[in-house]
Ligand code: ACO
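Take a look at this one chain, the form predicted alone, written out in structure tokens.
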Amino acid sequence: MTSSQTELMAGGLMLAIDGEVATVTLARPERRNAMTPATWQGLAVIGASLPPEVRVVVVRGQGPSFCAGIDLRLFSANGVPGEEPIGGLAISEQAIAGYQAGYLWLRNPAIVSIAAVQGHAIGAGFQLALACDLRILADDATLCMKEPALGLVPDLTGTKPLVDIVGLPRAIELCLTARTVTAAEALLLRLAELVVPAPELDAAVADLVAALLTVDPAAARATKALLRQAGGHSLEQQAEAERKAQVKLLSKRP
């Protein structure tokens, strides 16, 4: 077993690569895939070591839930076996930056990331779904930004996509009430691209993956990069970016 495989297992993660598709599975179903620092570090390892031929990454959870959020045992005296308890003064910005690295790579223009969400997606799990480009939800999925109710802030890169998707007032309401969002409401709020009956989740994800892989890889990367930066650009800036991207793309054709 390699050191990276050991690191993934310690974080309750599995990675399967089939050609152009990588599947990242949260694999602690006995804890509803609750996360620990080892999980976030393992996600960062996956992002840093992903083979260049991978074009689509599917993130999913084993068992009835996608992810129940942070493992609350980390805040107890006994903690989680093999991990340091999280205490207020024990956390540094550097440590959090390391955890965030496990989420940031999912925005990479070289890939399209898909969250396949069933059951609970709470806190850190909701933020993992938000880190992905696309979200397909089973009809039993429930989303919740739980951190403020625990005396925390969402710090795993989830605040920007949440505001970008639902707008500032709704993001404030969702975070500061820590209420549960059903799959049906998630679709209305644009937090999901598609909601399907739970037994059809795998098939719906497979259909989306197949559709994504039909697009030219270079065009897909360039287009995702353009779309990612559009929100921060004026129309003139984005038009210029489009021109440059097109010239660069066409100049590489045989």
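The first residue of the sequence shown is number 1, and the count goes up from there. Values in this document were obtained by computation on a predicted structure and should not be read as measured data.
Omitted from view is the form predicted in complex with ligand ACO, to which the following refers.
Novice: So ligand ACO isn't shown here. In the model of the complex, which residue out of L43, V57, A34, A192 has a non-hydrogen atom within 4.5 Å of it?
Specialist: The residue in contact is A34.
Novice: Ligand ACO isn't shown here, but in the model of the complex which of V163, A184, L152, I91 has a heavy atom within 4.5 Å of it?
Specialist: Spelling it out, the residue with a heavy atom inside the cut-off is L152.
Novice: Quick check for you: of 130 to 138, 70 to 78, 109 to 117, 170 to 178, which stretch puts a non-hydrogen atom within 4.5 Å of ligand ACO in the model of the complex?
Specialist: Result for this chain: 70 to 78.
Novice: Does G158 reach ligand ACO in the model of the complex if we count a contact as any heavy atom within 4.5 Å?
Specialist: So G158 does not count as contacting ligand ACO.
Novice: Going by a heavy atom distance of 4.5 Å, is E30 a contact of ligand ACO in the model of the complex?
Specialist: Because a heavy atom of E30 falls inside 4.5 Å of ligand ACO in the model of the complex, the answer is yes.
Novice: Does A124 reach ligand ACO in the model of the complex, with heavy atoms at most 4.5 Å apart?
Specialist: Result yes; A124 sits at the interface with ligand ACO in the model of the complex.
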